[in-house]
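As structure tokens, one chain now follows by itself in the form predicted on its own.
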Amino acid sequence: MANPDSSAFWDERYASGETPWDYGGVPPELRDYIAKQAPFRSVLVPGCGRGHEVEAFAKKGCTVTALDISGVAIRSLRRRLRPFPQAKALEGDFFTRELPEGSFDAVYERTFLCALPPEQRKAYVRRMQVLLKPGGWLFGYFYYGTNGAPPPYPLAKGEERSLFMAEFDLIQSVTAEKPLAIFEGGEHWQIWRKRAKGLIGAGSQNVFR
């Protein structure tokens, strides 16, 4: 089997259907959040996989960019996005693929951060900070737990403080209503907001519910 850091590893999994991280639809917290929000002008979905959520953003009227290292996943998603000209699916590495800096109103996260080795977490946060507009939103599902046989690589409770809170405020954190089976009890729906310049700590929380 290919190395988990390679595109070949993820291509093999998508081609075989061995994808326990694939929810198969739009999870309830995201569904409700999208329904209540005005469409984001620009949304990025890194590690999009089969892209069920990408379609949900597109149907809402968002301009959405989906990115995945797996060409198998991206080719499948492109076919399903044909009815949505404002949505695009890109193949590439989140850290090296050229994307316009400071251009995204929102980034949606699920099963992407936990697929990265822990030594890449600080680079993940820096990349988010660069890509989001001031006041932009990072929201989705973050996996907490103890290390097993990775991937996935869970966060330790409290680790989010050292990772995010220099540049982001935590607006909400609740236990996922219907987590992925492989993440049972460990997935949290979280909403983070990148600080606008001069706003320090506004609205920040550190409460798990």
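Note that the structure is predicted; figures quoted are calculated from it, not measured. Residue numbers run from 1 along the displayed sequence.
Below: the form predicted in complex with a small molecule, not depicted.
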Look up in the predicted bound form whether F84 has a non-hydrogen atom within 4.5 angstroms of the small molecule, and give yes or no. no
Any of the heavy atoms of D22 lying within 4.5 Å of the small molecule in the predicted bound form? yes
Quick one: does W10 come within 4.5 Å of the small molecule in the predicted bound form, counting heavy atoms only? yes
Would you please decide whether D93 lies within 4.5 angstroms of the small molecule in the predicted bound form, comparing each non-hydrogen atom pair? yes
Taking 4.5 angstroms as the heavy atom distance cut-off, pick the stretch from 57-65, 42-50, 155-163, 28-36 that is near the small molecule in the predicted bound form. 42-50
